[in-house]
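Take a look at this single chain, the form predicted on its own, given in structure tokens.
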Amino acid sequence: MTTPEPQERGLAAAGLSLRRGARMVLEDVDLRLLPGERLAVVGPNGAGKSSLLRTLSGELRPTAGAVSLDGRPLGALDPRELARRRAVLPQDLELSLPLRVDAVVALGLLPHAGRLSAAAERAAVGAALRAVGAEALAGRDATTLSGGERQRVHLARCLAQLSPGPEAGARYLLLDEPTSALDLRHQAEVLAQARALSRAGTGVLAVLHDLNMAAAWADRVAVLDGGRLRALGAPAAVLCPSLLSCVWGCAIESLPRADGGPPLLISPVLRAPAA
């Protein structure tokens, strides 16, 4: 495979529009997730965040525009090659079959079938579970897990899926609200793992509801509103109270932090009343 030109690198949407029924859920979106980048997608409910992720992954076909991976149209890639280079952690993580946790994680290795020895597959599953702090769950029935445990197990499945292979090009991980079912500690662990993946060259896109989490974690932030891309750039430039108040339809203010970190974004209605 030839090396893509720098301007072609990444998982990219160009003029992306998506109609579902009578409603346009995405309209003329241009977006590029670069190798090694952390990109947070934020926006109010119904903004089109999950639809964007599902279209970037190839699950949904755009009404207009195109999605490409390192300059190649997504539809032109062999499905197994695409699966080895792009993994998705969706919101809906229910399991109906009583599989062991390690068997669920091993499902991520299906695109690599016939290319790994049994020992290498076991090692990949073990490494993925260790990466998300879920080794102790390996022998559990996956249907008995809590929501947060399922979230970590499916993240491990994605990590196994993106195990290094002979394919040229970067890997891309798409996370749809990966912290929604997790407590604070495990939220931090999941995003720390995503940060480690990005430092190793994987492009990571995460749909997040928590603006402060997006500000602290992401290299760039994309703000969606009504299916349109309202802003895209560094967190300090994009997550400004004037834009956020307009997009979310409520007052949002920025409070400085004593440690000099990203300002805390908060709605005044959440302030504790004065004593």
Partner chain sequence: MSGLAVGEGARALPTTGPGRGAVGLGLLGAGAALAAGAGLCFGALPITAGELWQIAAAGPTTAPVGLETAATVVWSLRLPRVLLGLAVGAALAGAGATLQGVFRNPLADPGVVGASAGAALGAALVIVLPRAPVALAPAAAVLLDLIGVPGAAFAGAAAAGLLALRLGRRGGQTRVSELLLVGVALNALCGAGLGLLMAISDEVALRDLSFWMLGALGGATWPVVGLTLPVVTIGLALTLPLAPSLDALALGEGPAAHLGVRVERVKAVGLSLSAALVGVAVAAAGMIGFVGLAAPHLVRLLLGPSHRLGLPGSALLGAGLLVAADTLARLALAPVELPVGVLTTLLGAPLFFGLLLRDRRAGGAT
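These figures come from a predicted structure and were not determined experimentally. Positions refer to the first chain, counted from 1.
Omitted from view is the form predicted in complex with the partner chain, to which the following refers.
Taken together, the three residues Asp30, Ala196 and Arg199 lack any non-hydrogen atom within 4.5 angstroms of the partner chain in the model of the complex. Contact check for Arg171: every heavy atom lies farther than 4.5 Å from the partner chain in the model of the complex. Proximity of Leu110 to the partner chain in the model of the complex falls within the 4.5 Å heavy atom cutoff. A residue is said to contact a partner when one of its heavy atoms sits within 4.5 Å of a partner heavy atom; Ala136 meets this definition for the partner chain in the model of the complex. Residue contact with the partner chain in the model of the complex: Arg150 places no heavy atom within 4.5 Å of it. Partner contact region in the model of the complex: 54 to 62, out of 54 to 62, 208 to 216, 227 to 235, 32 to 40, criterion any non-hydrogen atom within 4.5 Å of the partner chain. The contact residue chosen from Leu191, Val132, Ala124, Leu175 relative to the partner chain in the model of the complex is Val132, the criterion being a non-hydrogen atom within 4.5 angstroms.
Interface residue among Leu184, Ala76, Ala119, Leu97, judged by heavy atoms within 4.5 Å of the partner chain in the model of the complex: Leu97.
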